[in-house]
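Coming up are structure 1 and structure 2: the same protein chain in two forms, each one given alone as structure tokens.
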Structure 1
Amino acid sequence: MGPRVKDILLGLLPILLALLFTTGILLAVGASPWEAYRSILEGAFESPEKVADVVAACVPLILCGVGMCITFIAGQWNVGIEGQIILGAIFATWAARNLPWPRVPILTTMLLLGMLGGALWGFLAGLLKVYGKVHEIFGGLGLNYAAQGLAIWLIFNPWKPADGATMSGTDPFPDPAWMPRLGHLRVAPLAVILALLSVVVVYFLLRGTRWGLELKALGKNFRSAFLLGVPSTPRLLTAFAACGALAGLAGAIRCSARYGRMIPEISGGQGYLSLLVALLAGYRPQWVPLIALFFAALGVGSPRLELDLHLDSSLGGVLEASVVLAVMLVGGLRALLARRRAQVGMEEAA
């Protein structure tokens, strides 16, 4: 068996383990696993409208997942990506509310400002890490809460509708600030193009540039990379900013293409879910769209479980979590086997 075949089989093993685990749960509660999985698939792909919903749900996962690949490769857990989505949405909303321009310039400005907002929030997380010695997980979580508080304050104070603030968000954006959709379907072709373009750009940046090579060196061994002359501080800050820019773009797209307004829960947990997407993709941008499609299909199809089988739709979340745990388990076993092989090789050489 060739090494490539082994890699493919090992890549499929976590999914098989997760399916076995979920199947065991379904059997324990007396439900048919086959019917449950069929219901999820039908709920996600039974009509053009559902397929469009799945594709639309992929967009923020792809953008944020690709961004997470950048910081993961640099050895950083950018948990603050939720706040970066929110800041991107806030910056884009400001443009939609205050710039009475035609569609092309206003959409361009909203997307660019969204990237700027996310990049600034990501850069701030990097500053806390580098100069404040605050671990990126704790700093990111704190910035998430700060961003959420800022969004709620804006929605319930200066941006509240004329008839009073509600959890439904701000007034709808003017028509030029809405990203054009594909007919009656809830998917914006421009958003899909931008998400796929981000995969291509980040793939070549990480594989074909000195910047990407230096980020990988920092992720492998930070101190050794520093001693070899890698400018660690600038590289870490640019990694956080680049990830934040993609997350901010996702926030701007969710405002413009999905809701047409700013809502309190504009991030929708997409940042945390993209963390799982990047983990499953092995920090390789080219695999992010496929993993994002899997999570998006589960999210769109799971509600059918309640209608068809009277099962809680959270089963989809159980399947997602079990896949991630299986990936981590298989990854740990592979690392353990690799260390043992290396140890045996050294003993034989001695």
Structure 2
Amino acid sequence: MGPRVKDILLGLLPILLALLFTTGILLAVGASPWEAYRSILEGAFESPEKVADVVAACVPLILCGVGMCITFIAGQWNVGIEGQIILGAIFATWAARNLPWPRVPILTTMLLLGMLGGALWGFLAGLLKVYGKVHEIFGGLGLNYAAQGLAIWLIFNPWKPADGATMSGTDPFPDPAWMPRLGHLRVAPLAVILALLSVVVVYFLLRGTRWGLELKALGKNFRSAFLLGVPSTPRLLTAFAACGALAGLAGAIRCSARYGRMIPEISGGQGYLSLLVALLAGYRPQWVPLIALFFAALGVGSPRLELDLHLDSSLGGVLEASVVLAVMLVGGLRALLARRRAQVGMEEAA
């Protein structure tokens, strides 16, 4: 067995372990694992409509996942990404409601404003990190609560829908503010193109620019990078803002391409999921689309569990989180074994 085959097998091991875990859970609740996995796959891929849904569900995961690669490379936990999605959606909704323009200018404005809103919220998270001296997870969570509160207040007051049914969101946007879809399919080609573009752009930004390399240096060893003259504060702030801009774009796209309105749950946990995506990708943007596809398929397919088997759709989330956990644990175990082997080797040499 060549080293390459061994690497691939070891790479698949965590997925097998995670599947073993969910299978155990399904058996424990008395459900047939075979039926459950089949119904998730069917729910995700049985028809062109479903496949289109999966592709559409990839878009926010790719945008946010790629964004999270930027902040993770800089050593930062941008948990505030949920709020950054919400702010992007709020800014885009403002444009859609207030600017009676034709399609091209209004869509461009919505997307740009969405990026601006997300970037501002990301910048704030960066400020809290730099000047707050508490782990950035807390600043991010605080900003998420604040963004959620702002969204709910807007939907319940100035943006109240005509029928008063606030839980289903604002009134639908005027037609030009809807991102064009592919025929009757619920996927907007423009959104997919933007998402894939973000992968390419961030890949080169992180690899080929001074900014990217300095972020990497800060993430690897903050203190020595700082001592070597990397301007840490501006780098961290721009990293947070860049991730926020991509998250804001995702928020704008969710309003414009998916719902055609602003809803209270506009971020829908996509930010937290994208955090898992970026962790699985090892902070490498080129891996994000593939992992996003896996997550999106689980997300679109698992509600079928409720219809077919009366199981909760959160099984998809369980599988996603346990794959990430298994990857971490297997990686840690391999490192532990390598340490043990090195120790034994040293003792034998001595």
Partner chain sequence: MEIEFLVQTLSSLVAAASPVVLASIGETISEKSGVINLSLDGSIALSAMTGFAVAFTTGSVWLGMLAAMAVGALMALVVAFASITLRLEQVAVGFVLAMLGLELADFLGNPFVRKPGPSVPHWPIPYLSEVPILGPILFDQNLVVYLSFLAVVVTWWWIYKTQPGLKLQGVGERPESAFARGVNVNRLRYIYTVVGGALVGLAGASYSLSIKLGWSHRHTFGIGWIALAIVIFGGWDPWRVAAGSYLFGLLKALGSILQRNPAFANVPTQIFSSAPFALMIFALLLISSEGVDRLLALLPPRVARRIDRAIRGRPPGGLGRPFVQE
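Owing to the predicted nature of the structure, the values given are computational and were not obtained by experimental measurement. Here, rigid core means the biggest group of C-alpha atoms that superpose within 1.5 Å across both forms. Numbers follow structure 1, counted from its first residue as 1.
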Chain form predicted alone: structure number out of two: 1
E49 C-alpha shift between structure 1 and structure 2 of 2 Å or more, rigid core reference: no
Once the two forms are fit on the core, has L290 moved its CA by at least 2 Å between structure 1 and structure 2? no
Take the rigid core as the frame of reference and indicate whether the C-alpha of L307 shifts by 2 Å or more between structure 1 and structure 2. yes
